[in-house]
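Given as structure tokens, the chain that follows is alone and in the form predicted alone.
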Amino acid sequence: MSINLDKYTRAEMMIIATARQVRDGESCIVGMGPPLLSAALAKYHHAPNMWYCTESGPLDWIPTSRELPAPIGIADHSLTQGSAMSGDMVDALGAFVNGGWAQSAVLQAAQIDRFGNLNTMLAGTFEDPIRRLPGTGGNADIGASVERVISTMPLETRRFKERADFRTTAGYIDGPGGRAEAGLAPQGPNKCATTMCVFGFDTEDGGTTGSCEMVLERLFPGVSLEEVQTTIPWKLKVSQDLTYMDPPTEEELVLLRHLDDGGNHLIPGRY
């Protein structure tokens, strides 16, 4: 199948950039929304030995057919096909995540702040919320326990905050030493893939040294540094090694569009 490689959307590039962060052979807990599509793309494309798990209980999903689309939810019935175990939330969060078996997580949220904390609880204040969001789900457990977090987030000013309105998922909390003070293990290298670029975080040891702030590492083709900087509401750190990310390959785009053939993940307003 031949497609026009110039005709891809920024949302598709975000999903592909997220998938590229997933490593073959690692155990991964996958959250709702675009993470389900990103992790499925990684599983089909370059990480067939990745453990694809969700908080509802399916552990180590191995698609029984290449024709299966990406799951549309964390409890999608297709996740039971070929899984090593079909348990429940106690198994997934209690044994798998809190037991220290989850090496990475792919998560989506409403907000992320400069230290990588995620918010899926509310916009505004707890006492006077502007909008209530779906809630924590397993994100609180996941942020506290996994070795590294890959977040997927449209690059919009309303989503990127100097301080998240509510901290659902711990990143580096208030900066260097924040995780240790909260009794949490180091974490990283964390990444955030957006619709314009990919961010890392300024800490080599997972939260003690460096500033622990978000750092711009890769721009998407056609995106300028100024476009990103004007969207971020704080003084953004930029890597000295800032480069452009490779555009999607034909294989990645064909596979991505097959996995989301029903438009469950990439319809505007759903990511």
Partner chain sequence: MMTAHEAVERFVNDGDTIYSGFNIISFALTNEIIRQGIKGLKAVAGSVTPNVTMMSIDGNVNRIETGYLSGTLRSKPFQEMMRDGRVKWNDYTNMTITLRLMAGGLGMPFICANSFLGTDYLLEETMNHSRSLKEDRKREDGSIAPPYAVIDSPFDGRKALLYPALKPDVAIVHCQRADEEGNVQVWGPQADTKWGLWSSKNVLVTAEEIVPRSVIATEPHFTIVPGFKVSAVIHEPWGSHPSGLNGYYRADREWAGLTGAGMTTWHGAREYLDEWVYGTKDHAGYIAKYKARFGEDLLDNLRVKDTMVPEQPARYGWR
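Residue numbers count along the first chain shown, from 1. Nothing here was measured: the structure is a model prediction, and the numbers come from that model.
Only in words, not in the display: the form predicted together with the partner chain, which the text now covers.
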query: Among 225 to 233, 50 to 58, 239 to 247, 209 to 217, the region lying within 4.5 Å of the partner chain in the predicted complex by heavy atom distance; finding: 50 to 58
query: Any non-hydrogen atom of residue 158 within 4.5 angstroms of the partner chain in the predicted complex; finding: no
query: Contact test in the predicted complex: residue 96 vs the partner chain, heavy atoms, 4.5 Å; finding: yes
query: Residue 135: touches the partner chain in the predicted complex, heavy atom cutoff 4.5 angstroms; finding: yes
query: The partner chain contact in the predicted complex: residue 196, any heavy atom under 4.5 Å; finding: no
query: Output flag, 11, 19 and 39 jointly within 4.5 Å of the partner chain in the predicted complex, heavy atom basis; finding: no
query: Heavy atom contacts to the partner chain in the predicted complex at 4.5 Å, residues of 161 to 186 in sequence order; finding: 163, 165, 166, 167, 168, 169, 170, 173, 181, 182, 183, 184
